[in-house]
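To begin, one chain is listed below as structure tokens, in the form predicted alone.
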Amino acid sequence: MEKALSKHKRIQPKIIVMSKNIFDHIQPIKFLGRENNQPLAFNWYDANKVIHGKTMRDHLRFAVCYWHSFNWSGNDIFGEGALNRPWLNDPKSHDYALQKLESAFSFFEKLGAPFFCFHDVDIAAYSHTVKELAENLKKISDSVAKKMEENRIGLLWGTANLFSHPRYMAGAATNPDPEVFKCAAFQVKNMLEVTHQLQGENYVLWGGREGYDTLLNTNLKQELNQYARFLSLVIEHKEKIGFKGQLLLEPKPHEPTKHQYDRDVATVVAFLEKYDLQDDIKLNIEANHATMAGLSFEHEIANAFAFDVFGSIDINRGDPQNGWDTDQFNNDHQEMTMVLKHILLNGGFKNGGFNFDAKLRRQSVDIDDLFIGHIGGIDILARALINAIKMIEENFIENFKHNRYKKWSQDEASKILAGEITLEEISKNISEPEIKSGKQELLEKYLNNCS
């Protein structure tokens, strides 16, 4: 037998040459103050500074997303990848997945990130079937847990990618084929269990293709019923395994589908209430998804608090000259000031935080750029936090609102709201109101001065 083998070329095991950690040259990012002109340092974010009863770190609870930062090569529909991401050279390799894990946690640690987020397909070696994906996810989960413990980094949320694989081209939970529904259910079951294993604080369900491209081939009511049943199954399994984190839905109006069933906060609230799911699911709101829906980011945050469905945030922005989801790093501290003011006035984050669901521009090919993008976004949030706290302490806007609505606390108006006065009784006692200014310009001037 040995002699026979010697006649043939022996098959050598594949040797994977690991490149060095591409972040080795980066020092831990420090706070150097507002006069700092070094790009690899914070100007506003002082992690351990206590302000308004908490450290900045605890107020903002920011996370780095695994997909854009470590799974995107810089490709777009017109061009191939341009970024140096050596672990993407062999997506099917578990060894490369481990190299990516090592580099990702080096980045988290040097940035000082308290949390990260990931899809199942981001962290595991690529697989074509859901069963193989489950095996690869289980294979790497202990390594992820070890890295989290070593670096004291938490999982803000986990999620399953139910939109990239061709099986999901017509939706996952809303697919016309029950076999696809079952694959999606299996994938979520496994990812929910891994999120529980890693003590994730939330689990996100983004219906990337839960919608339609045309009503010509779509039974909309059937698909909504399927989606609701799918969510009910997830709720049931969450309770079965004892996962204490919050389930979150993420609204988006369109892209990749023409219309998605989780279009915006109000649409999702109506859906949850129709199917009696409102007690178990809250929302993960993305800034650019709000603007794609023709709404402001602040509106969606305020609406979520009004309906008691606020959960967490994906922080990014779009470009007004582009109609798609460009996922750029946030750069408007005035917009973020108002968002943080709503969050602070409602008691701050519970389970959620600010996840940087943002990616570099394709031309930003230097390794430093990944740090600079996050540093800039974090500094915007820190600056906005300071501004929002100042506004809350001065109480100018809240006092104005209180005075504007104060007549509703008077006796007759209170009875109207309580349902104690009929329409006929209201009609017997009316008088022409005094016309009062809404003072929008004054409030805008105040905001400009504060920020």
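Source: prediction; values computed, not measured. Numbers follow the displayed sequence, beginning with 1.
The form predicted in complex with D-xylulose (XUL) is left out here; the points below concern that form.
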Quiz item: Pick from D264, E193, D325, D379: which has a non-hydrogen atom within 4.5 Å of D-xylulose (XUL) in the predicted complex?
Solution: D325
Self-check item: Listed residue that, although D-xylulose (XUL) is not shown, lies within 4.5 Å of it in the predicted complex (heavy atoms), from D120, E201, E300, E250
Solution: E250
Quiz prompt | Candidate site T159, F163 and H289: all three near D-xylulose (XUL) in the predicted complex by heavy atom within 4.5 Å | solution = yes
Quiz item: 102 to 110, 217 to 225, 238 to 246, 151 to 159: which one contacts D-xylulose (XUL) in the predicted complex at 4.5 Å, heavy atom to heavy atom?
Solution: 151 to 159
Quiz item: Looking at the partner-bound form in the predicted complex, is D314 within 4.5 Å of D-xylulose (XUL) by any heavy atom?
Solution: yes
Practice problem: Find out whether any non-hydrogen atom of W67 is located within 4.5 angstroms of D-xylulose (XUL) in the predicted complex, and reply yes or no. | Solution: yes
Quiz item: Is there a heavy atom of D357 no more than 4.5 Å from a heavy atom of D-xylulose (XUL) in the predicted complex?
Solution: yes
Quiz item: Does D-xylulose (XUL) come within 4.5 Å of any heavy atom of W206 in the predicted complex?
Solution: yes
